[in-house]
Each structure stands twice: as structure tokens, then as C-alpha cells.
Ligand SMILES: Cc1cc2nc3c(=O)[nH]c(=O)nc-3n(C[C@H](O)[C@H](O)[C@H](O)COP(=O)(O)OP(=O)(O)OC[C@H]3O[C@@H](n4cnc5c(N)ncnc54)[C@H](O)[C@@H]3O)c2cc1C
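Below sits a lone chain in C-alpha cells, taken as the form predicted alone.
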């Protein structure tokens, strides 16, 4: 393992902004991870763990500590004796979409709706990534992690992960001390298509394939096609995908908002709360689809996506996000939260 110095972080993030890491290490084994943590401890510097750099905004001043880029690799497939499911143990540095593609190639079910999401496997339980009616928690068995101070390795079983909407134990004050090294998933071998989500259902209807049973690869192809239209090309623009979380509000607050916006959609979370599609709020209630100031804007085809059109600084992006947040609050009274993690601010 090599400790590098003054490494520009913008080259490792999909947002394409950010200053230098004072120290930088790529770790490819758990042993190297422990070595990197010892280096940080010996030099009394903070640690930031980086995967694919797809859900972070790094300050222009960079990070005055050690950035550890997780590049652990390896996938282990274990089929149950009855052939009903396959448990898959995946190293945290594996690219998420490559892994999802392999599951559909093998005819497995459970992750196909989460296709074309950038990042690494290690981020999937932290964010409890979700899309098109599916969340990572639906198939995660357990998570293996190392405590960054004690070096202790621990397995967190599903219930211990405290999964919520784009949330988990690993985003709590205590959980942030743990570095994920492996995630275990339980996938099904029998057909379990989930195509009720509007965009997915319409895709199959428009392509006249609703009359036959679709495969997990068919669904993956559909998701990739849908996302290709709704999300900007990462090779062209800087973006972290959906910048904000969909807000969850009380049913009472929703009913009040419906007096002003009768067509506002919602999804029931529990007896007291509903989730509001923020894309609808930004587009219909705030008329912000395609809104742009300077080098930063909301994508014209999906207003949840904040885009660096080139040349933006981190502070400009943060300021733009604040403007959007204020406009949403003025229109609806809803306080929206970033899904993207801010580093070095």
C-alpha cells in the first residue's frame, strides 16, 4: 500500500469538483485497510472512506486528512440446497452495476431494478440505495465492517443495519466509525418481476412485451433505457444523480398541501406519513425543471438531478442547492434534505 499526497479528488468524483486530499491511499485488501487506518492514527489525521465517488460533493479546499479509496474485490456465489435462492458475498469495492449485471446474466432476481446506479457495492447498505420500487435492504442479508478506531471486524445482520429511506445505521454518529468491507445478498432463482412502477410499466407497454413473462435481464435493459433518457451522461456532465431526498411528510401536512396542489402525488409510508416525489414538486409546484444559474442547473429531463455543466466550483453547487431548497420551502413549506454527502465544508 502506498500513501500519496496532495491528490486532486475531483478526478475521483462524478460531480467532477473538489480540492486535494492531503493524503490518499488505495486499499485492495483488508490488511491494507488496517495499515491505512494505522497511518491515519499515527499521524493524527481524520479519515474519509471513498468508494465510487458518486454520491459526494467535495469542497474546493479538499480534505485535510487521509482519503481511503476502497478497491476490495471478489464475489462468492452460494446456491441453496433446494435451489430456491443464491447467497452472494460481495467485496465492497466491486462496481455496483457490474455486479447487478452479473446477477441478471445468471438469471437471478432481486437487484435488476437497481441497474445503472453508479458507485460501489459498499455504498449500497449505507444509502440503502433504491429505485423503481426496490431498495437494497430488500435483499441484503448482512454487512461486514471494520471499526476505524479499534480495528475490530463485525458482521451486522439485517435488523442491526436499521435500514430506512436512504438511511441506515452506517449514517449514524456511531455507524460512521465502521468501514464496510463486504455485503451479503440473498437473491432468488424463481421469477419475481417488479414492473408496477410507472416508468417501468409504461416501458413494457410501449414495447408491447406485457403479454409475456419478462426476465430479470429484460427488466435490467428497461431500467438502463429509462435512466439513459432521464439522467445526464456522466462522461459529459458532472452529477451525483439525485441530489435531494424525496421528502416524507405527515398525512395532515399532505392534505393541507393538496388544497393548493390537488394533483400532488404521494406514496404511503405508514399510517401517519407519506412520501412526496420531489421531482413533481420541482417541476409542477416550483417550475424548476431545467432551472440553471451559471455553471449549475437542474437537468431538463429529471429535476431531481443537479448538474455541473462544466467549470463549477463546489461552493457554487452548494449555493445553487440552497436556492432550490428555499424555493421548495416557499412553495410548499417542505424542508428538503440533500442525499449527497458534503465533504470538507
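Positions refer to the first chain, counted from 1. Since the model is a prediction, treat every value here as computed from it, not as a measurement.
What comes next is about the form predicted in complex with this ligand, which does not appear here.
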query: Contact test, all of 264, 269 and 331, partner this ligand in the predicted bound form, heavy atom 4.5 Å; finding: no
query: Proximity to this ligand in the predicted bound form (heavy atom, within 4.5 Å), stretch among 252 to 260, 194 to 202, 78 to 86, 230 to 238; finding: 230 to 238
query: Touches this ligand in the predicted bound form: residue 14 (any heavy atom, 4.5 Å); finding: yes
query: Residue 65, heavy atom within 4.5 angstroms of this ligand in the predicted bound form; finding: no
query: Residue 127: touches this ligand in the predicted bound form, heavy atom cutoff 4.5 angstroms; finding: yes
query: Touches this ligand in the predicted bound form: residue 54 (any heavy atom, 4.5 Å); finding: yes
query: Answer option from 222, 108, 117, 90, heavy atom within 4.5 Å of this ligand in the predicted bound form; finding: 117
query: Heavy atom within 4.5 Å of this ligand in the predicted bound form - residue from 284, 40, 59, 49; finding: 49
query: Stretch 162 to 180: residues contacting this ligand in the predicted bound form, 4.5 Å heavy atom cut-off; finding: 166, 178, 179, 180
